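Presented as structure tokens, the chain that follows is alone, the form predicted on its own.
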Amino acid sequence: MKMAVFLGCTVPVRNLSYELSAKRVAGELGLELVDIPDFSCCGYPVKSVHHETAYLLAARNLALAEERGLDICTLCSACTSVLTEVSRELATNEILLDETCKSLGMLGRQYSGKVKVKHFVRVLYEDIGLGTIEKAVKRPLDMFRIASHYGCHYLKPSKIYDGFDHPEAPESLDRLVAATGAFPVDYRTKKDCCGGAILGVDEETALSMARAKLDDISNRGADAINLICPFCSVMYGANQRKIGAGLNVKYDLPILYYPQILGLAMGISHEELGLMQNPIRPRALIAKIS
């Protein structure tokens, strides 16, 4: 199986270990993630201020993947939502497709509406399958309790994701965690936003939203947070110490990307998975595995 990997803007700058671990795990499971250097921003940051520009950015990325005959595998939940929404609209609206192709033609591109978009963990869940994942586990993580953060864009708006999982009662990430042998921790604020969407305009409120979840997960005795979105890691990872300092509290709660969790269970070393590149170094977790 071969797909074009869409990294977006945040992963290459702030979350290199996410890309590293995703490609490492994908290779072990028979999924080839192909880089397309000409990929650009998905369009999400400008969607609320200039819809046409955001749409064209997304369509150009879809066209680049189509030129190579590949569907797109994303690592960022926000990128997933934008690219999925545009790909679905262009696949079903011929008038809109014609108008978009006129704009793409000015950039030397064309698009016929055939590319499908899926988040990496959805590819694991649906195309690779839990059974295959469980068989790939060589070192069950049954000594760990892991809380999954679903975030806002992984399952919403639900209409563009063909009924994959339930946006109000999600379980796919918990089942993926369980497939590694770890215990999936349930907690009250599981469906809450990380706060990242308003970080640039209201930092105090954004950090208080992240703090509520850090408190909840810590009180449930979790060893780590399972993340699948690079910007959510900015809130729970990069800002974790800042939140704790304001409360005179030390959380020291590691954030792990799902491919890092899966990679550890598959027997891949923490160096190859880039664990020590994460914002919160999971030293205690690594020591426990070793």
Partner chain sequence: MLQDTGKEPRIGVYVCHCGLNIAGVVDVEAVRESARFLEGVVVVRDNRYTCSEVGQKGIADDIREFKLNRVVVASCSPRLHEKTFRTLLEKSGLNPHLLEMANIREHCSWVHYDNHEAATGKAKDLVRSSVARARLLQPLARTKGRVLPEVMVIGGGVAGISAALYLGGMGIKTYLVEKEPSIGGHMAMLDKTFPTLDCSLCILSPKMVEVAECENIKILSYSEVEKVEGQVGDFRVQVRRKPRYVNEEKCVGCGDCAEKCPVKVKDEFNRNMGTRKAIYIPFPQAIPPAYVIDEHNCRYLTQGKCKICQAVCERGAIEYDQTSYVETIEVGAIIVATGFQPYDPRGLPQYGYGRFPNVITSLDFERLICADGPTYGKLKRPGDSTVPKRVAFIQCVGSRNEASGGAEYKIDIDEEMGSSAGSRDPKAYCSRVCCMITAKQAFMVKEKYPDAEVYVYYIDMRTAGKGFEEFYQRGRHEGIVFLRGKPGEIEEQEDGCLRVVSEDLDSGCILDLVFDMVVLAQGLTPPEGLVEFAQKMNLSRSEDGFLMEGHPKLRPAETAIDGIYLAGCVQFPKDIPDSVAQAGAAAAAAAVMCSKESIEIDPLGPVIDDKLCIGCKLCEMLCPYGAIKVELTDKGPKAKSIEVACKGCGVCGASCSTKAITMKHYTDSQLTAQAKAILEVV
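Since this is a predicted model, take the numbers as computed values, not measurements. Numbering follows the first chain given and starts at 1.
Form predicted in complex with its partner chain: not shown, discussed below.
Of the residues given (K135, R139, H166, K114), H166 alone sits with a heavy atom within 4.5 Å of its partner chain in the model of the complex. With its partner chain omitted here, the record of contacts in the model of the complex names 156-164 of 177-185, 127-135, 68-76, 156-164, defined by a heavy atom within 4.5 Å. Taking the partner from elsewhere, R145 is found to have every heavy atom lying beyond 4.5 Å of its partner chain in the model of the complex. Contact annotation for K191: at least one heavy atom lies within 4.5 Å of its partner chain in the model of the complex. Scanning 207-242 for heavy atoms within 4.5 Å of its partner chain in the model of the complex gives just one residue, R220.
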